[in-house]
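In the form predicted alone, a lone chain appears below as structure tokens.
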């Protein structure tokens, strides 16, 4: 099954994509993780991406399309995949359609998680990330055992630049203006599945599986 998981920043795309990947036994392709790895390794791509991410801007289409196209050609995507964080524009959605057509496949469903902006602000502004291993926590919903320190490696936790409230507000505005039209693109193609993203992780996953017609394990 080839899926897209969509939604505004903080909607839980990463968490639900990972759980879906385990449930369906397909790889999860997270553009956010791919880009953060490039930034950490200080590659040319990472340097370009960081300039946009620090301002709360979307990564240019040409840059993201090149990265995704190479990834989807790998052997582990032959049985299916889940895209987390791509496409974010209609141009990216159209490019993805062309990619899949050239490989003899298609996107079966685009899952959209809906969460109110007030909830998104609360979720994102409370996130903390480990400088050493990249593990993520939340000061309200998932705090570390020792304040400011990672449970896994004892590394320092910090607030990413794009998790400050002013940047979050900018990211949500950009999502509404540039990414929301992608919903209409998949709606027209009858591939869109809209799911309420508020509630416990298990509850949201159950809603997604029901919408996809996948039986619970």
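Positions refer to the first chain, counted from 1. By rigid core we mean the largest C-alpha set that fits within 1.5 Å across both forms. All values derive from a computational prediction rather than experimental measurement.
One more form of this protein should be noted, the form predicted in complex with a small molecule, which is absent from this view; the next part is about it.
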Point to revise | Interface membership of residue 32, the small molecule in the model of the complex, 4.5 Å heavy atom rule | key: yes
**Study point:** Non-hydrogen atom contact residue 157 with the small molecule in the model of the complex at 4.5 angstroms
**Key:** no
Check your understanding: Taking 4.5 angstroms as the cut-off for heavy atoms, does residue 28 touch the small molecule in the model of the complex?
Key -> no
Review point. Is residue 77 a contact residue for the small molecule in the model of the complex, using a 4.5 Å heavy atom cut-off?
Key: no
Exercise for review: Mind telling me which stretch in 146-154, 40-48, 182-190, 159-167 gets its heavy atoms within 4.5 Å of the small molecule in the model of the complex?
Suggested key: 159-167
**Study point:** The single option of 123, 71, 97, 109 touching the small molecule in the model of the complex, heavy atom within 4.5 Å
**Key:** 123
Review point. All three of 53, 171 and 204 touching the small molecule in the model of the complex at 4.5 Å, heavy atom to heavy atom?
Key: yes
Point to revise | Core-aligned C-alpha movement of residue 117 between the shown form and the other one, 2 Å or more | key: no
Point to revise | residue 157: Cα shift of 2 Å or greater between the shown form and the other one (core-aligned) | key: yes
